[in-house]
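Below you will find one chain, with nothing else, as structure tokens; this is the form predicted on its own, and questions on how it binds or moves follow later.
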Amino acid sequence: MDQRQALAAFGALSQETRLHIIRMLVVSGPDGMAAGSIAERAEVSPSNVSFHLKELERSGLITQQRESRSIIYTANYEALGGLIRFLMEDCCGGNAEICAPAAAVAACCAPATKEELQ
């Protein structure tokens, strides 16, 4: 992730409703959530949630997929992991023990290697 992408992600996350939505989608896992369910759980109108989902999608933090008559939104775990890795890059002045907990979190969202894909 480069600085421009990180700024877009932080901009999207700097709003309370969007932060709440991304946390819901992270918890929901790869199954994601329908837009209507997101609106209901976030306690915002469908038009309001649509605006926030668009901003999160534009930042690359979520993806959408049509299933029948619903649009299902999921967290983009690779992008979220990239954001953590961006923050932790060159961390801690070489003291790996300080960074180890955060590095472990970022590793869970790391892009798959070629070997893992085969």
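Keep in mind that this is a model prediction, so the values were computed, not measured. For every residue, the number given is its place in the sequence shown, counted from 1.
What comes next is about the form predicted together with the DNA, which does not appear here.
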task = Decide whether G29 counts as a contact residue for the DNA in the predicted bound form under a heavy atom distance cut-off of 4.5 Å.
result = no
ask   = For T74, is any heavy atom within 4.5 Å of the DNA in the predicted bound form, or not?
value = no
message = Would you classify F51 as touching the DNA in the predicted bound form, given a 4.5 Å non-hydrogen atom cut-off?
response = yes
query = Is there any non-hydrogen atom of A34 lying within 4.5 Å of the DNA in the predicted bound form?
reply = yes
inquiry  = Under the 4.5 Å heavy atom criterion, name the residues of 65 to 92 that approach the DNA in the predicted bound form, in sequence order.
reply    = R66, S68, R69, S70, I71, Y73
